[in-house]
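There is one chain below, alone, in structure tokens, taken in the form predicted on its own.
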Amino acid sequence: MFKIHFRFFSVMEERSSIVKTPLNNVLAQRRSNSYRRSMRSCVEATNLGYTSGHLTALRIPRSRRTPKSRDITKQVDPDQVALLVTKEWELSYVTPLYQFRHTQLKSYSKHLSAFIVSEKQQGLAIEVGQELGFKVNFSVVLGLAETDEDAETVFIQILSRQAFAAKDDAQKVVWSGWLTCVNGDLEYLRSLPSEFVSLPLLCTRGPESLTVLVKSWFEKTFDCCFGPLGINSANLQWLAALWIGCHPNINIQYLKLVWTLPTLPPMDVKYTIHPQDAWELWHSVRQDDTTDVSIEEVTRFIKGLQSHFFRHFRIELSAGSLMQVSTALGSSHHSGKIKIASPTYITTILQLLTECALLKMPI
């Protein structure tokens, strides 16, 4: 018998009108121009055909490797790992960066700092208080790359000291972000010319206004473009299954799922399953624990949870959309937010997110 914590409530959708300021129009135009340039340069350089939202060379995977427990701190500096975990990140996809060089990070730090200061002097709001200036640090996170084709992860921090701070007060981090590629599609990565570096996944944390400026600088400097990276219901189901598969090695403590049902008004259903019950169901649908996880196994697992819920509450979860998944190992939301609470399975999660980013790119 499943141990179930069940709650549901109705949420009225509200719409708000936001008037565009000249700043919004200027930045939107910049992104539009850079996007067109990136589309032309990447497609001409790689001879890749494209359809709206998907690379024709890429396919949605029907199986994924079984998660393996791994002490990532043996390969990655523990201090750098600490910067990535236990925080919630907003996800975006990034098209290949033209003429990006890991050896030029110090120069990029100076140029992005100058760009932010310049934009602020032009009257663009930064929304982080009364600052005297900004300092940007680019650094490489060595060890996350899984193959020779994966580019090393780049971590970015923006620091600032407020106007009324004492002279000896240290600058505080006001924005963080990182670009990564973990087990990217080999055929696609090998098809890129040497002038391009693929770091398709961007994770950001901080004021949206700074995120916009950072993206704008990247677009101008590396002829790339960005887009929001939501996590659809199918990939949330994959995350739920992959996290459950970790339970024998590390206690996930709980599995929480949130569905939104198409009622009027929309209804959110929060479904919490005891980890051992979830693991037993998962184990029962697995063909062989030593093989890769298949999409058919993930589907049977989710249908099993939905069927059990229907028997108790006569609510058909399959009629709605899975919106959120969380365990003690991390959480993810369909809007494109991710929190990795443990570094043990970080490469498994980043591989799935890298796949999502590559599939979402418009070229």
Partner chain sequence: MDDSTKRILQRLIRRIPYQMLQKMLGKWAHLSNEDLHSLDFTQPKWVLTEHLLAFCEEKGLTVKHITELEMIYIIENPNQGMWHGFQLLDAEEEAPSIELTQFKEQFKANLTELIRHVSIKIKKHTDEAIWIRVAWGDNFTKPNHLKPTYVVHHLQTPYVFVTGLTSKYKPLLNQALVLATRYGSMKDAHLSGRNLIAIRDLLTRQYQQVFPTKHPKPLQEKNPVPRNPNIENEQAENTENRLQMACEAFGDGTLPQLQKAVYKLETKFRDNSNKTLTGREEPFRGVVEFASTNLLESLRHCVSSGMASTPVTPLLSSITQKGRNYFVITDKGV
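Numbering follows the first chain given and starts at 1. Since the structure is predicted, the reported quantities are computational estimates derived from the model, not experimental observations.
The same protein also has a form predicted together with its partner chain, omitted here; what follows describes it.
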Just checking whether K270 would be counted as a contact of its partner chain in the model of the complex - the rule being heavy atoms within 4.5 angstroms. yes
Taking any heavy atom pair closer than or equal to 4.5 Å as contact, tell me whether M323 reaches its partner chain in the model of the complex. no
Taking heavy atoms and a 4.5 Å cut-off, does A278 contact its partner chain in the model of the complex? yes
Give a yes/no on whether H312 approaches its partner chain to within 4.5 Å in the model of the complex, heavy atoms considered. yes
Counting only heavy atoms and a 4.5 Å cutoff, which of 102-110, 280-288, 202-210, 236-244 contacts its partner chain in the model of the complex? 280-288
In the model of the complex, the residue from P61, G304, G336, G330 with a non-hydrogen atom within 4.5 Å of its partner chain is G304
Quick one: from H274, R161, K120, K135, grab the residue that has a heavy atom within 4.5 Å of its partner chain in the model of the complex. H274
